[in-house]
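Let's start with one chain on its own, the form predicted on its own, as structure tokens.
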């Protein structure tokens, strides 16, 4: 397993470490519930250095990415970002990504840790024939995120980026704690927050400055356990649970990211046009469990009274914010209207669960 440059900080803070995507990462420090609530109420600090950082640059970088991805990166203004996907020819999702446009001919693509190599290979093949270059900077780049309602107040004194004017899904170059940094207003928690891309060896200095500067505001380090409960409350899918190669964007309820109106052809277009025309065969939906029990990944879902499952749970937990069990599940697409009742197979019991709109939680505006 690889270790991030912040491994020593995690050990010193008493983190429990696990393997995740080939990396030894902190799953929790003081406890998932406490860390979750800190992010919802104050702020949390995350080590996301296991994520990938792939730079695509050159005169035809935008055109190359428009061919490689289902989105249309050339539409991005410089300093803006969007959520994207890379699919196979069959429309199956290889990974979900964030794409940042940092200059007219330079883009930063951020894949998930476990998919970095697959995305690098696919992007490398797809940029061939374009006047563009792919550079994998994943192992020389660290990523630190501060998330929560107090994130802006904590970061502002430590950076020369005007974060007050930095919009959601925007990125700017500056410094943080005296270290050259790309500062992005993005995150995976459902809260306001920032992700800081810095040189690998500079991450400990940035981490220490944020911990010290945020102490009075209640900032705490947060592990992958709370990151998962936070993202699930926010209705954000997790690759490997809710998304995979056997899933297409329309099944995941993310067909909006597929841009059929862009001028360029793209990998997977024909397959996705067929799905869009006929409709997906299943649909990812949100459930609140109304009985006793927690619906976990892989548990079956039934129509009341039926013996055969009609769906499957992809993610599930007890929501620390709402105080009830929540889940995402693949279900028949014409049966996912709010208020529809299904039953989840929880161990040897069948527990009622109700379809609700996503996200489960939305931060106050």
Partner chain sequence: MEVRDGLRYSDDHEWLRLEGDVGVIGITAYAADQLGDVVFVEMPAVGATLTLHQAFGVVESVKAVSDLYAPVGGEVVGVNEALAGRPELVNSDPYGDGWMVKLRVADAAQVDALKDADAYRELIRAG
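Numbering follows the first chain given and starts at 1. The structure displayed is predicted, hence computed values, not measured ones.
Only in words, not in the display: the form predicted together with its partner chain, which the text now covers.
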Per-stretch contact check against its partner chain in the model of the complex, the hit in 27-35, 300-308, 44-52, 58-66 (non-hydrogen atom, 4.5 angstroms):
27-35
Please run the contact check for residue 318 against its partner chain in the model of the complex: heavy atoms, 4.5 angstroms, yes or no?
yes
Heavy atoms within 4.5 Å of its partner chain in the model of the complex: does residue 75 have any?
no
Evaluate residue 294 for contact with its partner chain in the model of the complex, applying a 4.5 angstroms cut-off between non-hydrogen atoms, and reply yes or no.
yes
Answer with yes or no whether residue 225 is in contact with its partner chain in the model of the complex, where contact means some heavy atom within 4.5 Å.
yes
Can you work out which of 115, 159, 102, 229 has a heavy atom no more than 4.5 Å from its partner chain in the model of the complex?
229
Residue by residue through 342-365, tell me which have a non-hydrogen atom within 4.5 angstroms of its partner chain in the model of the complex.
347
